[in-house]
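One chain follows as structure tokens, the form predicted on its own.
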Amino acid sequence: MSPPATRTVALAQVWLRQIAVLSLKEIRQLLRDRALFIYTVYIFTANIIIAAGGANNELRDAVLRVHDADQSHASRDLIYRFQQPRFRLAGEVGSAAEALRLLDRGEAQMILEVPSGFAESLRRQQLVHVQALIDTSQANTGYLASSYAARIVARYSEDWVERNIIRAGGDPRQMPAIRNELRVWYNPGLNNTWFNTISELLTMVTVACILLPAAAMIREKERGTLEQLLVSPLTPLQIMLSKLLSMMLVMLCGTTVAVFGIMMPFYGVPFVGSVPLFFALTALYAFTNAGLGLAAATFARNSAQVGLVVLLMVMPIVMLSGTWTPMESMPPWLRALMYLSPLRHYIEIAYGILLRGAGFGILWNSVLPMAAIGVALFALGLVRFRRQFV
């Protein structure tokens, strides 16, 4: 090897050794910062457990009151089809006005009104209406209550028609019908815990990727050690890379604990795809958001300010990238804007690998945009750092 090449290799080794030493320093500082260390442990452990047993999107024990003006066997048959766990029959009311008062006071979530002459109309094969009054101040549960009520009434109507056909000597099985055959893929048990834990993990990974590098940078500002680093034989790129790599390692360790220590053994969350691919792309996602965190640190002067800046960044990213709200339900302009969010692409990657077993050949159209956004954000952070301190 020629002397210039040997010198280049030696300089590269020194450059990398300096980054390794700086990264080790960042990890030690995180371990000494008790508040931030405890917070980091919490978001990857206890917070995942809380999310697993937290809010359930299914309808459970909706309080049902009934105004039965018919008091017939047919009306009783319909009423008692509204059973737990979806509905909880809390009794009857004497009038429609009383039912509305209960609904207004929040003592009932749904009122079922059966008109007088209900059974007689059915016997005469006439069209008959029942009315459901539903409290939709909580839109999701109100929508579910109306959907389940419609299905129960539709099934009751089908059963009544079948009984009439049998009385007339016919065979309901010979009547034309359309049956919807459902095949549920990737989450056949419709386990809501899988969705909750994975979504919470993605949210906490996003928070950690932005907050930890920003906190590491702002710590140098507050202690006055950033200027000491700048006058040392270190480049701004080395300083930023050390903070990025160290916090990336911490985040990957937290993700490992969350996935293999909590989600899989306790809640049965599957890991169908490639483990190396998942962690490699998670590291890429950490790099993408770390540039955003380092850029946020250049706009703040202390820990309180960087916390507010990070909160301002994290909330729209998490709420609008599809973690909890489907992208299809958003306006077209917002969907287009959210393609600039790294989380928007990482959601496809994480769910694709964990639940569907997708490989890089399927995920490349999410990986490439995320990598491009990461390079742009890191460049932004580096430019801001140079302008502010160099």
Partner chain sequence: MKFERVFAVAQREWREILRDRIYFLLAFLLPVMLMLVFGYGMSQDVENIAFAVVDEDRTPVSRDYAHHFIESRYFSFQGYLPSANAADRLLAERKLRVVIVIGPRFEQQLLAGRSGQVQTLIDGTFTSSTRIIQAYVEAINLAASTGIQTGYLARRVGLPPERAAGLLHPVVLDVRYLYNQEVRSIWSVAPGLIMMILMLVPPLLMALSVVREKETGAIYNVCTSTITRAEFLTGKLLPSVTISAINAGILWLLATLYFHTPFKGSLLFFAFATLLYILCTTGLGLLISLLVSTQQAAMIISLVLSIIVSIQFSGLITPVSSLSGGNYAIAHAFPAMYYNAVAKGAFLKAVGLDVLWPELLLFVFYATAVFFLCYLVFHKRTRT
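In this text, the rigid core denotes the largest set of C-alpha atoms whose superposition between the two forms falls within 1.5 Å. Numbering follows the first chain given and starts at 1. Remember, it's a predicted structure, so these values are computed and weren't measured experimentally.
The form predicted together with the partner chain exists for this protein as well; it is not shown, and the discussion that follows is about that form.
- Here is the short version: of A208, V269, A258, L122, the single residue with a heavy atom within 4.5 Å of the partner chain in the predicted bound form is L122.
- Screening 250 to 258, 158 to 166, 232 to 240, 269 to 277 for residues having heavy atoms within 4.5 Å of the partner chain in the predicted bound form returns a single hit, 158 to 166.
- Although the partner is absent from this view, D33 stays clear of the partner chain in the predicted bound form, with no non-hydrogen atom inside 4.5 angstroms.
- The closest non-hydrogen atom of M264 lies beyond 4.5 Å of the partner chain in the predicted bound form.
- Of the heavy atoms in G106, some are within 4.5 Å of the partner chain in the predicted bound form.
- The closest non-hydrogen atom of L89 lies beyond 4.5 Å of the partner chain in the predicted bound form.
- Contacts with the partner chain in the predicted bound form, taken as any heavy atom within 4.5 Å, map within 136 to 155 to T136, S137, Q138, A139, N140, G142, Y143, L144, S146, S147, Y148, A149, A150, R151, V153, A154.
- Comparing the forms between this form and the one not shown, the C-alpha position of L311 differs by less than 2 angstroms, with the core used for superposition.
- The rigid-core alignment places the CA of N192 less than 2 Å apart between this form and the one not shown.
- Shown in the overlay between this form and the one not shown, fitted on the rigid core, is a CA shift at A300 smaller than 2 Å.
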